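The form predicted on its own is given below as one chain in structure tokens.
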């Protein structure tokens, strides 16, 4: 894990590429905390944002996200050469599947799945969903992987009209990986359990620190409180108390 001041290489409505010298590498599904650089933070006290690492190499990291508020709007409007504080990689990430797998991503949760889709063997099936076609983050990148890829959108502007979980038909013995809205992940858990498949979900709870100090990402499970930053963000879906609204 490193703390660094990263330099913006590219930024746009849903894409941010940072130069991060000395980056140690990341596992699929890990995240980083991004904050304004110290000089700007003195004028604009905005808490850091947890962001899934879309992909990265030894010197640069890419993030894909939806602009949903002030923090993500600032990230989208940064210009090359701007500075950000960065802490990462954080969280447990996804275990690679040992057999057949299906990846289910919705909205900003799609960003957590790209690296898993890229490295998992055998190649997984990928199901992506959003309100409109414009919400499908990184579609060209997923398509370039040559995987079995299916899309669902609420308005039917891309792929099948409906929910991404309408496309999900788990097979016994496979592993389902899901990241996106809570209702989507709960439905993935239910379908997987009914089919005799395993299900891993990556939660996207807000947090202020990323390493267990603020406790803002606590969730209640049948086994007690767990913290998305340090125990997750990836959990066995069967370990979560869905009925209790975890």
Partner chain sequence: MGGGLVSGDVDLSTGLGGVALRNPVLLASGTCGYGTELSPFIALEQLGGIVAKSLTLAPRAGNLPPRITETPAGMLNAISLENVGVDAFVREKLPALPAAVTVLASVFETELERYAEVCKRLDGVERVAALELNASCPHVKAGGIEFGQDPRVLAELVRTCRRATTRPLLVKLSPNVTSIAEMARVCEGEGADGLSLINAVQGLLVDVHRRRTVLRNGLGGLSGPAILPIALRMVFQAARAVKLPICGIGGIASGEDAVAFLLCGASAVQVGTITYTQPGAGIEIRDGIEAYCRQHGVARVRDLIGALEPWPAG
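Positions refer to the first chain, counted from 1. None of the values given here were measured: they were computed from a predicted structure.
What follows is about the form predicted together with its partner chain, which we do not show.
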item: Residue 51, heavy atom within 4.5 angstroms of its partner chain in the model of the complex; value: no
item: Proximity of residue 163 to its partner chain in the model of the complex, heavy atoms at 4.5 Å; value: no
item: In the model of the complex, residue 208 touching its partner chain (heavy atom, 4.5 Å); value: yes
item: 4.5 Å heavy atom contact, residue 196 to its partner chain in the model of the complex; value: no
item: Stretch from 174-182, 51-59, 215-223, 188-196 whose residues place a heavy atom within 4.5 Å of its partner chain in the model of the complex; value: 215-223
item: Contact assignment for its partner chain in the model of the complex, among 139, 78, 151, 87, heavy atom within 4.5 Å; value: 87
item: Whether 64, 121 and 235 all lie within 4.5 angstroms of its partner chain in the model of the complex by heavy atom; value: no
item: In the model of the complex: members of 1-21 within 4.5 Å of its partner chain, any heavy atom; value: 1, 3
